[in-house]
Ligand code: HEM
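Next up: just one chain, as structure tokens, the form predicted alone.
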Amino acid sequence: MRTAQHPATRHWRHALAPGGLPLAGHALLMGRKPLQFLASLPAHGDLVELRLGPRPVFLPCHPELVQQVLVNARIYDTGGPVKEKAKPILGNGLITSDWADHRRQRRLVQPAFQAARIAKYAEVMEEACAAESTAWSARRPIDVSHEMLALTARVTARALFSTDMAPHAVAEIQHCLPIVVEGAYRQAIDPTGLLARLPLAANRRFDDALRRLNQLIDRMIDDYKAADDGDRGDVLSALFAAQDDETGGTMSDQEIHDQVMTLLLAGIETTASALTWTWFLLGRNPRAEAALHAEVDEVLGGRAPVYADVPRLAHTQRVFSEALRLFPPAWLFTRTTTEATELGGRRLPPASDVLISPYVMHRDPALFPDPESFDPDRWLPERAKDVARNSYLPFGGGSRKCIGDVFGMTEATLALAAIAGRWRMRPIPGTKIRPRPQMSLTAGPLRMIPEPR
């Protein structure tokens, strides 16, 4: 286990990633096997340089260096190729906005995720999770990935827009979102920028899905403005009402649009992916599954879970935390230096790109013993206290930590408890899935058999 040392006595190891090619650098490795490639780099150094095309990129592999990047948001601002390609899609929202804009936006959006609001959103979660848990037929295979995406789409859409959205509107989100996420990642990893301009069917699907999502958000914003009926207890109402304490300013319609798009993409795909991986892991770890069922039975006694149960579902939360460690949806994000600085004893000029990979940190045996094993009990309080700071980053960190982290944990806990209270999810023999690194770390289709408990 790595231990902290005083910076003056630290000898940082620097390395150049192996396998680079002339002109392309490591772009081909990142395009073909990004997870395996990145996870191999901590063995080479604490700060590893790689190249995407001709451009150098730096990957900190030690939690102290990761912390230095995350807590100095002004120097290590959001940036890099991922941000550049994502901004035309997400606009100037929380994920893509520069440091100064982000501080203001965070103040304006934060009230939408206060504890009292989360309790209100939990009513939507309770209803949606209960409906999901009763919708399946015994021993009829289901695509867990599809079901979890449908569940999180309903929850997120109704938390954003409290009015009962027409089924076709939720279906529109479910259809368009994966296409947008996949297309955005495809563009982000293309160092040439040429791929997006080719007349490919995939590009046409991406453009159409993005246009439809934008139109749906605009219609919802217009409907709210026309109704003008005050606080509905949802996210959109909170965004309209938000006022900056420092300046007295509010958000424009375009700013609200960009935040809604950001929250849709951040709130649906990521939680659905993490829940899918959780069922996959539970299906292959009977002891953890049995402990989950025992806790759900003890706490709920056969009824559906409610928000007040969440603090008592401690093992359920540990199960999800461990799934987030093994398969963090936000597996990679980028920062760019705004001025010359030093990282791990290495001078970085302005506009240097830095990669942070929670996947890499979470799979490092120097940080997590037996990192490939699914062990929810590693998050018991007496063991979790030994986890190095900034080595566990499922929601990012620093001032840009995911604003919906409590929302996502609450939703996942209620979903796991509601479904595990009724069903034992059995893997279909021979089923193989592999991580699909896109904008989030998805599993693709996962067929399982729900057996009544």
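Computed from a predicted structure; not experimentally measured. Start at 1 with the first residue shown and count on from there.
Below: the form predicted in complex with the ligand, not depicted.
Looking at 405-413, 420-428, 29-37, 382-390, the stretch with residues near the ligand in the predicted complex, meaning non-hydrogen atoms within 4.5 angstroms, turns out to be 405-413. Interface residue among Ser357, Ser162, Ser352, Thr270 relative to the ligand in the predicted complex, by the heavy atom within 4.5 Å criterion: Thr270. This chain appears without its partner; in the predicted complex, the one residue of Ala330, Leu326, Leu282, Ala184 with a heavy atom within 4.5 Å of the ligand is Ala330. Under a 4.5 angstroms non-hydrogen atom cutoff, the ligand in the predicted complex has Arg400 among its neighbouring residues. Using a 4.5 Å cutoff between non-hydrogen atoms, Ile95 counts as a contact of the ligand in the predicted complex. At least one heavy atom of Phe395 is located within 4.5 Å of the ligand in the predicted complex.
When the ligand is considered in the predicted complex, Arg335 lines it closely, a heavy atom lying within 4.5 Å. Contact here is defined as any heavy atom lying within 4.5 Å of the ligand in the predicted complex, and by that definition not a single one of Val180, Tyr224 and His257 is a contact residue. Contact residues in stretch 299-322 (any heavy atom within 4.5 Å of the ligand, taken in the predicted complex) are limited to Phe320.
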